[in-house]
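Only one chain is included here, represented as structure tokens and corresponding to the form predicted alone.
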Amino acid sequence: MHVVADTFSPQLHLVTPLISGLADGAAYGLFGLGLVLLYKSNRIFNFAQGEFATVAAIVAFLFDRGVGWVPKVPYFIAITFGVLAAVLVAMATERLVIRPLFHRPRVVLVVATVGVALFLVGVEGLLPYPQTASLRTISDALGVRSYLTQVDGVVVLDQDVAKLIVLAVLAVLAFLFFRYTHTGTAILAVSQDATAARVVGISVERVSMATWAIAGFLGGVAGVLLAVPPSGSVTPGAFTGLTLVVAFSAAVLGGMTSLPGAFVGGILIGLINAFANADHSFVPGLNSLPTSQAEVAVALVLLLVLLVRPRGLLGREA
């Protein structure tokens, strides 16, 4: 939200960015968690993560609207199909691209993920759908009002609450998964020492597939949460540009070796973005910029954190 007024308004400059920042930060945290998972297990930066999100948003849109040859299904089933599509694309990426190159230098794998992202953008452009549309919000699908309540005169949208609830639920599930399940423990073991994990009988290949599937799931959920109005869209490559950069920033800020750090980094980046957009006129330096105040603010905070604590806020030495 761009504000030009010089008079501070609690509603416009405090409550509104706080609500929107927490909501968007929740989705960035999901993005960041997927990136951290793959970095811990494969030691690569996955540039295709944004396209897992885009695939989920597009597939959900196609089934929700019944576009072309795709049948129309109920809203929440369409969302499920979208997230499932992201998981399948992520698993196909691991099996067809990552696994054959697994013993090559890490930079080769990173470039491979860039190739996957470009390939998916091209495929998305061939799908039969209006490429300027957005996914329906939950309130639209249910036919109810778009907000739950008001805080100091500022409406709290259903979709913003949904983002926070999803983040909270997945954070708890992630903790339980990695703490109490065999697969979760195996993923953590492989991330620490793949050779030792193989020696004790853990299938590194199976763990790699599971990790990519989880990353696809997290990206898919983030994609359907971000693909709603007013700023969301289902255009090809929608989340590989600025959104992926923000997600990387969240992961680095929280710590690329820390799963909780991804959630914390996402929330912080969302808040920095929102407050920089709303309050830049009151911040020396930012008030002189004509555009991109949020991007500059994120870059400055990220640079400061990396200078003071290179491993991130919650990360350990890799």
Partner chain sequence: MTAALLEVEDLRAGYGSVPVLQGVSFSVAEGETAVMFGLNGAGKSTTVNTIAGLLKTWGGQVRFDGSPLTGLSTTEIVKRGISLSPEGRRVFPQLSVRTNLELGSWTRRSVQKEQMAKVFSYFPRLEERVDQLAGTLSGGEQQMLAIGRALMSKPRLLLIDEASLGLSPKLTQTVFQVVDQINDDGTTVVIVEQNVGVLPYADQALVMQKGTITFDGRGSDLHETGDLRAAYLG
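Note that the structure is predicted; figures quoted are calculated from it, not measured. Residue numbers count along the first chain shown, from 1. Throughout, rigid core stands for the largest set of C-alpha atoms superposing within 1.5 Å between the two forms.
If you look for the form predicted together with its partner chain, you will not find it shown, but the lines that follow are about it.
- With the partner omitted here, the stretch from 210-218, 71-79, 167-175, 185-193 that lies within 4.5 Å of its partner chain by heavy atoms in the predicted bound form is 185-193.
- Interface residue remark: Val161 is not counted as part of the site for its partner chain in the predicted bound form, having no heavy atom within 4.5 Å.
- Interface membership of Pro130, defined by any non-hydrogen atom within 4.5 Å of its partner chain in the predicted bound form, is ruled out.
- When its partner chain is considered in the predicted bound form, Gly201 lines it closely, a heavy atom lying within 4.5 Å.
- Using a 4.5 angstroms threshold between heavy atoms, Leu157 stays clear of its partner chain in the predicted bound form.
- Relative to the superposed rigid core, Gly241 undergoes a CA displacement smaller than 2 Å between this form and the one not shown.
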